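One chain is shown next in structure tokens, namely the form predicted alone.
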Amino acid sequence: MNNMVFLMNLLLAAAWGAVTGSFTPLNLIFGFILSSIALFLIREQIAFRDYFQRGGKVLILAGSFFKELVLSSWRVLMIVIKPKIKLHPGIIAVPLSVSEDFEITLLANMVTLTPGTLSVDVSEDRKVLFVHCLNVPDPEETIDGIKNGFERQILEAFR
């Protein structure tokens, strides 16, 4: 049902663009916001509560990703500007709780886009994500960070 509400939201935003005659990104975002308000007004007839909760969790996931992006960029910068680089690179095996293809892909891409880490492979049984880390002095702490950070938030947002 949430997918239907999202589709209705997108269609209403596109209709807004057609009515105004402007399909600029800003106008479509405005139309999306207006259609969210319209759908909120008829929330009794549709399963809107779950839709808003999921949307909020997706926004939290995006905010968490950008926060981690900034922090890891800072950590990589500090490693690079030191005269003596003391690194502990390695490949870690992160056991996966996510099981859907898009969840695994999203997690792998978020890890890869975070400076200092790179998703290398997923096991054939799709239960382990192999990640190369520029500096991993404590592998268990890094694994816990991925599992309790991105992976937990992906599970909350999409299940």
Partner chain sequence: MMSAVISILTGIMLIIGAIFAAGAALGINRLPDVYTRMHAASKAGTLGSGLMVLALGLYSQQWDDFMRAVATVCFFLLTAPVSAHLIARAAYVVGYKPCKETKLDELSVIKKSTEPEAPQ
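Bear in mind that the values here come from a model prediction, so they are computed numbers and not experimental data. Positions refer to the first chain, counted from 1. Each form is matched to the other, and the largest set of C-alpha atoms that superpose within 1.5 Å is called the rigid core.
Just so you know, the form predicted in complex with its partner chain exists too; it's not on screen, but the next bit is about it.
When its partner chain is considered in the predicted complex, residue 101 lies well away from it, no heavy atom lying within 4.5 Å.
Under a 4.5 angstroms non-hydrogen atom cutoff, its partner chain in the predicted complex has residue 65 among its neighbouring residues. Its partner chain in the predicted complex comes within 4.5 Å of no heavy atom belonging to residue 145. Contact annotation for residue 36: none of its heavy atoms lies within 4.5 Å of its partner chain in the predicted complex.
Put simply, of 113, 29, 42, 59 only one has a heavy atom within 4.5 Å of its partner chain in the predicted complex, and it is 113.
Residues of 88-117 lying near its partner chain in the predicted complex, listed in sequence order, are 88, 89, 90, 91, 92, 93, 109, 112, 113, 114, 115, 116, 117, the criterion being any heavy atom within 4.5 Å.
Relative to the superposed rigid core, residue 62 undergoes a CA displacement smaller than 2 Å between the shown form and the other one.
For residue 27, the Cα coordinates differ by 2 angstroms or more between the shown form and the other one after the core has been superposed. Once both forms are fitted on their rigid core, the CA atom of residue 113 lies 2 Å or more apart between the shown form and the other one.
Relative to this conformation, an increase of 3 Å or more in the Cα-Cα distance between residue 23 and residue 61 is found in the predicted complex.
Annotation for the pair residue 12/residue 62: C-alpha atoms approach each other in the predicted complex, by 3 Å or more compared with this form.
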